[in-house]
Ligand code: SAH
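Shown next as structure tokens: one chain only, the form predicted on its own.
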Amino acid sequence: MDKFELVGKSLSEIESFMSDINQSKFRAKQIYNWLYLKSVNNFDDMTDLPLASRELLKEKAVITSVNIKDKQISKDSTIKYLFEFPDGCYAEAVLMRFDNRANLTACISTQIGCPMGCSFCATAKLGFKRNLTAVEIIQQIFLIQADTNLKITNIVYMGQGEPLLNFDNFIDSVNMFREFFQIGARRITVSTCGIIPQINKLADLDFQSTLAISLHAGNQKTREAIMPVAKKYGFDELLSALKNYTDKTGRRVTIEYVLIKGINDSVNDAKELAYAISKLKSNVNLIVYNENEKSDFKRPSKDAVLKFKYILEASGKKVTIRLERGNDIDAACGQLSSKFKKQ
């Protein structure tokens, strides 16, 4: 008989399980707090439970079925995790720490691999294997907190996979983070390459977390050349969906734009982007391309990046340049690509 897996269960589900093994509801509340408030991954550390209860739990339950297969720590304190799931599949997540900020941000995955095939992304080279369940998504945060003894304050769905193609599990995991881990909606960001029907669903749900759009171009031709999804969901249609989203939710969207030398980093590219999003309630996050062995694309010059930023700011947009983290461990934007394979 399979053991009862605790992470991902609600208080009422843990209470029901404890009742089944002749334990009190009070003990269930203690376990719930150990899991979600303290991220304890060892029954022996649940010190306010009687020894007999802990031994019974070891026999009947497991805290999580997901393991940390590998961990790399960058010189800037960024940590990249490789998680192994029971079926032998792997996914990666990244913990980012900033010296001048109290926030701890975790970048998590929603799929094993990715089906979108963006030409600048290392994960795309993995292909697609399967969706992660909602429980598998939240277990990434649980394991990071258990490993570091730190409290995650912000979550970004920007790891491996396209979250909106795993829509139901993504939404369920957001609700779990809010209920179990007490992480507010405004501290959660989801990044999508532009799956229009699901963007419309988010609008109808009055989604109050941050929606980030991987746009990476100011016109259909350039976007289609580097992002196959643009062949299905056109540039103008996407902008219309985003306008609908901002109108319904009252929330700004974040335009993510990876600057690639000679592809989309010119002055004209900046002007095109500024014009395209001029009527969209949005901020812009510029990302300097991270070179990797799987691609021939190059980083733009510092001068090109600053000119691009200046043009967008002159158009009235708030623009940031994403601080690069974890380059030395392939944990920076677009670099997640597991080197482990199922034996």
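Small disclaimer: the values here were computed from a predicted structure and weren't measured. Numbers follow the displayed sequence, beginning with 1.
There is another form of the same protein, the form predicted together with the ligand; it is not shown, and what comes next is about it.
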Picking from Val288, Leu312, Ala61, Ala276, the single residue whose non-hydrogen atoms come within 4.5 angstroms of the ligand in the predicted complex is Val288
Assert contact residue (the ligand, in the predicted complex, non-hydrogen atom within 4.5 Å, options Val174, Ile144, Cys121, Leu132) equals Cys121
Answer among 210 to 218, 237 to 245, 145 to 153, 180 to 188 for heavy atoms within 4.5 Å of the ligand in the predicted complex: the stretch 210 to 218
* Evaluate Phe83 for contact with the ligand in the predicted complex, applying a 4.5 angstroms cut-off between non-hydrogen atoms, and reply yes or no. => no
With heavy atoms only and a cut-off of 4.5 Å, decide whether Phe170 touches the ligand in the predicted complex.
no
Partner proximity in the predicted complex: Thr192 to the ligand, non-hydrogen atom cutoff 4.5 Å:
yes
Closest heavy atom of Val258 to the ligand in the predicted complex, within 4.5 Å or not? yes
Near the ligand in the predicted complex, with a heavy atom at 4.5 Å or closer, the residues from 152 to 184 are Tyr157, Met158, Gly159, Gly161, Glu162, Pro163
